[in-house]
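Two forms of a single protein chain come next, each set out by itself as structure tokens; they are called structure 1 and structure 2.
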Structure 1
């Protein structure tokens, strides 16, 4: 592997420069105003593959295009499918960024930009590693396929539509799936993630009078949409952190003693965690530790709450309408559709006369647990140790990658979740970053992963 690691070292700046080109494209999938940039990002990724000598194509969908690429067929070698996403979260609030979100900037060994870790930077590690193999050896030790989507952050509608087709089943057929869109356990402690939460996302809209009203003249006599909305939203969770939808916990699989012990054995430092987030205390579901709450218990969150007057100074009105963007994170076996039905049934009777409630379901995905008993996992362990100089620990994470459960169903393949990010990378927040040393360690681990996986078929 010396030839390949030498190549990686000699080309570090080139890889950083290429990633910066992709990071300059503001491919925000949630906002239609940015959709032309999503198309540009898809083109960029496809061109990058072509530049490496892979066959690449854009697959149009009902949403943003998919990029598919594959290497030349090597009979007898395992087929690996790499999934990633070129779309990013909205960069707001813009005034909190030290350097602009779409002008990648290096500071203190980190690369700052929206998408730096989530997921352009992490996805790119698997592109760079393949490039190193192709440039030094002329071929890869595995059959590599890539499927890079552009709507992971906003519901994955395009890939969901595509994966249901017979063509996709054939095209994406593989022995193992590799995804880097998660995190290490901490700095210097790489991890293999074996569980992700799912979730179900909604927007609630409450509409009252046909326009804003003077709250002195009319207040008390008409239903205030924001009061009604606040009460409905607040009733979804109690003061012990328990979600109040009937049946919500029915399908939740309790944590085993073994898993609780394993979580507890990880070096998690609660005061340091609080300091990192800038909070003075932690709350959550009673009876569970912070790692259990974040990784293996379902939750309720409000992402945005709005309506009425938001400008400077006071304004006495009964607003005409209000909205809340909410979600429930779900654990494996909980079904998004069932939770959606329970939400509708729970809120309807709570909606007072004089306002109307709309429950708009945005998207959902079930949680997943991946198989740890496979030679692919051992291969990934060895590759990570070679890339990062440290054996990975096994963790679950609280975030969601909606397509993972669908891949398992449709392609019948396991997924390796190999995260190079860090919890303090500010993903979905201002000042997202990727540690450049981790970027290069990720590329190296990925290069070793192709080698390790390639040897499996020969055993």
Structure 2
């Protein structure tokens, strides 16, 4: 691997310059005003693949195009699919950026730009590593495929439609999937994320009288929709942090002793964590640590409550309606449809006379868990140690990446979640950044990953 690592070292500036070109394209998928820029970003990625000698194509969808590329077929070698996205979040609020969001700027060892870490920078590490292999050895040790989408930040409608087709199942067939769109455990401590929580989202609407009523005249004679809604929402979780839906915990897979010991051994500082968040205490389900609750236990949250008068000063009314936006984060084996049915069954008897309840389901995705004994996980562990100079730790992530469960269902393949970012990279916020040292370490780890995965067929 000396020839490849020498190439990586000699071309660091080139890789940074290429990433900056991509970062200058304002590919905001959520805003139609930027859709032409999304198309430009897709073209840029496709041309980058073609310049490396890969077969590349743009796949039209109902939304932004997908970029697909693949290397020359090597019989007997594992097939690896790399997923990423070229679209980015809106840059607002613009006045909080120190440097313009689409003018990549280097300072303090970081590269600042929208998309620097989410996900253009992390995705590009797997492009640069393959380029190093092709430039030095002329071929890769694995069958490498890429599927890069342009709507991850706005619902992924295009790739979800495409992946349901028979053509996609054949084109994207693989042994293992690689995604870098997560974070390390902390500075200088790389990680492999082996589990993701899923989730299911709802809006609860409670409707009462046909219009707002004077609370002095009618209060006590009619049901107040906001009082009814507040009682129903509060009943979903008890004082011990346990969710009250019938059968909610039936499918929850308990943490193993190995996992609990591993989490406990991580250098997690609760006071520093509280200071980072600006809170005076931590709460959650009794009997579990903060990391266990964040990563591997199901949760219930209220995201928004509305209804009635919201202006300054008092207004004595019985409001006509109210709403709550809620979600349940789910762990592997819990099913969104089952939780939705349980929510309906639980809330209906609690809805008092005089108001009506509407439960609107938005979207949901199951959690994902990768087997830690997988040879692909072991290969990634070795590669990351060679790239970062330190063994990775194994962590779970409390958030959801729906495409991971979609890939598992449609392609029957596990995903290696290898994040090179940090949790202070300001993802989705002003002044998004990517540590340049980690960018280059990520490229090196990726280059070693192709070597380690390529040897699996020969072991």
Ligand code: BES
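Positions refer to the first chain, counted from 1. Because the structure is a prediction, the values reported are computed rather than measured. Under this definition, the rigid core comprises the largest set of C-alpha atoms superposing within 1.5 Å between the forms.
Colleague: I want to make sure I have the labels right. Is the form predicted alone structure 1, or is it structure 2?
Modeller: Answer 2, the form predicted alone.
Colleague: Using a rigid core alignment, state whether the CA of residue 73 is displaced by 2 Å or more between the two structures.
Modeller: No, residue 73 moves less than 2 Å.
Colleague: I want to check residue 190: does it shift between the two structures by 2 Å or more at the Cα, with the core superposed?
Modeller: No, residue 190 moves less than 2 Å.
Colleague: Taking the rigid core as the superposition reference, indicate whether the CA of residue 164 shifts 2 angstroms or more between the two structures.
Modeller: Where the cores coincide, residue 164 shows only a C-alpha shift between the two structures that is less than 2 Å.
Colleague: Rigid core superposed: how many angstrom does the CA of residue 202 shift between the two structures?
Modeller: Core-aligned C-alpha shift comes out at 7.6 Å.
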